[in-house]
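First, one chain by itself in structure tokens, the form predicted alone.
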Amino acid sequence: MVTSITDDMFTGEAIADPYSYYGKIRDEDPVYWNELYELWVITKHDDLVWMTRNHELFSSEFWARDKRPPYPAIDESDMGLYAYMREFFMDWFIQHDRPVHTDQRKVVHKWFNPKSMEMWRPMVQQVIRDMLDEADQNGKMDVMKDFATPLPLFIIAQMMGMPYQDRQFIRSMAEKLLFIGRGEADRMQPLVDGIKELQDYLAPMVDMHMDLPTDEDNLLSVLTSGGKNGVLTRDEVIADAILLLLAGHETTINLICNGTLAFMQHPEQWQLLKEDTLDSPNAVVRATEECLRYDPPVKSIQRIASEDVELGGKLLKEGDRIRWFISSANRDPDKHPEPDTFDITRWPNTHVAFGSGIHHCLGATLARLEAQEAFKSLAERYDKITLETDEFEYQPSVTFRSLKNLPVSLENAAP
């Protein structure tokens, strides 16, 4: 039993260094009952994969099935907001089990297949060139604000047919939705504000597409086709559009930013990337996979037990809350030799940054493509990227591993 660690997953130490915090739990009690929040904390790689492959035992319908008060606690006056938030998230297709999940995911699944995603690579490359050209004029940039955030936001908004001038609004509302993984007692108000503003923004677009022929070149139109054929309700189309906007850029933001930081903290790996990228197209592929393993963009996923099940000698009872921690699973020494070493030659790389099983991240191919092109462009363009800070502040989220900023100076490679 873990006895020397606090159950509060929102302490400064747990947010800044989840690898030590959850690693200690993994080493001492990998199926751990957190008394403070009344949930099971799952930290080993093989346990996480087993749970994803036995999805019928661990329901994704958390918001529909969990009847207990939120954790951490919120202000009593905000319980109405909490109810509104629950109803909204219950409409996301990822918050359903089979067969509903399968039917709803099929609506947009083909859009995200590798062949379809590859068609977007030239645009990703051009957007990266434009952004780095602008950064070169200053000789510096904030990787989070000037590069990692606008790149995937531009691409997903372009896919969905959102007007260019609306991108900053979309990002500001998405940031409000990220309060879902935070612990402040008053977190419900900004979260619900973000939900309502995006609902109001998207509803007219959805209604317009419902009256038009389905346009396969527009992701929002493809999603709306699910409403036309009865797979999705209008509210579900709007909710899933918000999901795609959020998930379509948030994970990649963190992947690019966290990966860049890892390279800067491991200059020998940066030089290796620069050398290998010139010789092998697979080098940046492997490097991206190691970034996903070493400092993944998503820290944890929540589920709820569908029935009594034994795991690791513990009885998880029907209705119990569960969180599995990708951060810990990706550093499990039983699965990854020298797990705390950042090694871009590591292969095979069996990380679970995008989950596993039927709920494997729909946008994983897009995130990989964008990150590969980002890291490749940085390596080809710059001899040296220097960190302009030694203090790294992360968003206080149990869900996402997200830096607040990452200022660097840039030294271009010789022509």
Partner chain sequence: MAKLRISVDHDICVGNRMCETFASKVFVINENGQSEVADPEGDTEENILEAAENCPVSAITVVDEETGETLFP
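Positions refer to the first chain, counted from 1. All values derive from a computational prediction rather than experimental measurement.
This protein has a second form, the form predicted together with the partner chain, left out of what is shown; the following refers to that one.
*Asks:* Just one of 69-77, 103-111, 301-309, 149-157 has heavy atoms within 4.5 Å of the partner chain in the predicted bound form; which?
*Replies:* Result for this chain: 103-111.
*Asks:* Which listed residue (T365, S59, N34, S377) meets the criterion of a heavy atom within 4.5 Å of the partner chain in the predicted bound form?
*Replies:* Residue within 4.5 Å of the partner: T365.
*Asks:* Ok, R98, K228, K140, R86: which has a heavy atom sitting within 4.5 Å of the partner chain in the predicted bound form?
*Replies:* Here the answer is residue option R98.
*Asks:* Given the partner chain in the predicted bound form, answer whether the residues S20, K145 and K404 all have a heavy atom inside 4.5 Å of it.
*Replies:* No, none of S20, K145 and K404 comes within 4.5 Å of the partner chain in the predicted bound form.
*Asks:* Should A64 be counted as a contact of the partner chain in the predicted bound form, where contact means heavy atoms within 4.5 Å?
*Replies:* A64: no, not in contact with the partner chain in the predicted bound form.
*Asks:* Going by a heavy atom distance of 4.5 Å, is Q372 a contact of the partner chain in the predicted bound form?
*Replies:* Contact with the partner chain, no.
*Asks:* Please determine whether K384 contacts the partner chain in the predicted bound form, using a 4.5 Å cut-off between heavy atoms.
*Replies:* K384 lies outside the contact set for the partner chain.
*Asks:* Taking heavy atoms only, is R346 within 4.5 angstroms of the partner chain in the predicted bound form?
*Replies:* Because no heavy atom of R346 falls inside 4.5 Å of the partner chain in the predicted bound form, the answer is no.
*Asks:* Does anything in 198-233 come within 4.5 Å of the partner chain in the predicted bound form by heavy atoms, and if so which residues, in order?
*Replies:* Not one residue comes within 4.5 Å of the partner.
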